[in-house]
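Just one chain is shown here, as structure tokens, and it is the form predicted alone.
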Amino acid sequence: MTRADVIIVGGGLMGAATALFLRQRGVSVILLERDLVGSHASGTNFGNVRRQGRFLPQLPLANRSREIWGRLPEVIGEDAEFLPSGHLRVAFSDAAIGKLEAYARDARPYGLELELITGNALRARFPFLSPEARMASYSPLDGHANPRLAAPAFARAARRAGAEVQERTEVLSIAKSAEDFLVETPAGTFRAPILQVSSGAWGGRMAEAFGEPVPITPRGPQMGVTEPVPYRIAPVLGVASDVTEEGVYLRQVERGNIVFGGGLRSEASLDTKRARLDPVNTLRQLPYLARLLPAVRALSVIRTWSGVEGYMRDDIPVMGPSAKVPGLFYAFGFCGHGFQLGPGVGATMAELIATGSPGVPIDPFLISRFAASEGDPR
């Protein structure tokens, strides 16, 4: 039986980053991943490293994460292809313009400075945008990274720092003794006085097993990539809209391909660990992508994919201590916008576990917010 100070269930970006930062604080840790590190939501998402557009109380956590993204080679020995190329949210309607203006004003006290660009200035600075674009909110220090590289890089760094990282190790059961959590796996039993659940869309099942059900639904993002063309578009582009179908986004990687996503999401299964890729949804994305960036009309889509993500009813993640079980912590349900937050979540959870204080405000994310719900919160 292997014992450590902390067991982390789930080897996505959140879990791997927590493992690394715990080791940097001298805490022994075992990271258990059922498949390969980063093989689910952490590795199949768009790769957006953005702060603007977030739930405002989430910005302190996002700011902390952005600081870590900016020094990844120092932290993990790799850059995960992070490119601080800027992020543009583009408005096509009066309603969207009003919301961009309000968000820029309200985000300023949180330390996020956004530049609002309109008219000829917008077309002169970003000539590739559609002539229909009326305003863009520009966040110059945001950008994008490669989601297929980030979580594995954090896990390698954690292993080098002394963490035990167990891949292809499915959790069969978790029991709580007087002192420790006992985690049964095909590789044996692991025990620790502290347990963190970072199992993404599957986190809801684990929380429910501890008597803390949450309203989480698995969904699959609709992702795609085009053939490569000469590199011209540095910032990430996204449509500012409350209409789900219109909310597409894209980025060009330096190899030339344009990665895109957004719009409607597909069904996903926790049992099969698969999300259904709906080709109709891809076809729905294309006219909105062309409205944002007309040049994509000439490009061929060469690959599409999806993955299993967990979406909370209130679109806010579960993060922090259990409301019922001492020594139990959660970091899951990031609703398709957790990639940027990953390093910051890891640093925050490690600080919370090691010192009792998270370092940044996390009260809006606590699982206790569901305790007052009547009946089944789902």
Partner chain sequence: MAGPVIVVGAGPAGIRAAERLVEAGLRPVLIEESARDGGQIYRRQPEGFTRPHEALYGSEAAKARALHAAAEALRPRVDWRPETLVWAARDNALLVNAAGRSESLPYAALILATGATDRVMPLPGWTLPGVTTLGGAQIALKAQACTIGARPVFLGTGPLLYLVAWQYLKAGAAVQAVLDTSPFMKRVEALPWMLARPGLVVRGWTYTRDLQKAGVRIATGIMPVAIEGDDRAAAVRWRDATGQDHRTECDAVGIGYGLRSETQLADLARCAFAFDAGARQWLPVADEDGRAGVPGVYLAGDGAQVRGADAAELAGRLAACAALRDLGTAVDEIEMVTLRRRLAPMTRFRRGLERAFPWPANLAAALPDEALVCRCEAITAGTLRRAGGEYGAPEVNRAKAFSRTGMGRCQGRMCGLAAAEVLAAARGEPIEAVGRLRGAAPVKPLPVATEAAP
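The structure displayed is predicted, hence computed values, not measured ones. Numbering follows the first chain given and starts at 1.
The protein also exists as the form predicted in complex with the partner chain; that form is not presented, and the subsequent description refers to it.
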In the model of the complex, segment of 127 to 135, 147 to 155, 232 to 240, 175 to 183 with a heavy atom within 4.5 Å of the partner chain: 147 to 155
Contact test, all of V37, R276 and R297, partner the partner chain in the model of the complex, heavy atom 4.5 Å: yes
The partner chain contact in the model of the complex: R205, any heavy atom under 4.5 Å: no
4.5 angstroms heavy atom contact with the partner chain in the model of the complex for A209: no
Contact test in the model of the complex: N257 vs the partner chain, heavy atoms, 4.5 Å: yes
V75, heavy atom within 4.5 angstroms of the partner chain in the model of the complex: no
Among the candidates D94, E115, E167, D106, the residue which, in the model of the complex, approaches the partner chain to within 4.5 Å (heavy atoms): E167
Sole residue of A121, L283, A187, A161 within 4.5 Å of the partner chain in the model of the complex, by heavy atom: L283
Those residues of 172 to 203 which, in the model of the complex, come within 4.5 Å of the partner chain by heavy atom: none
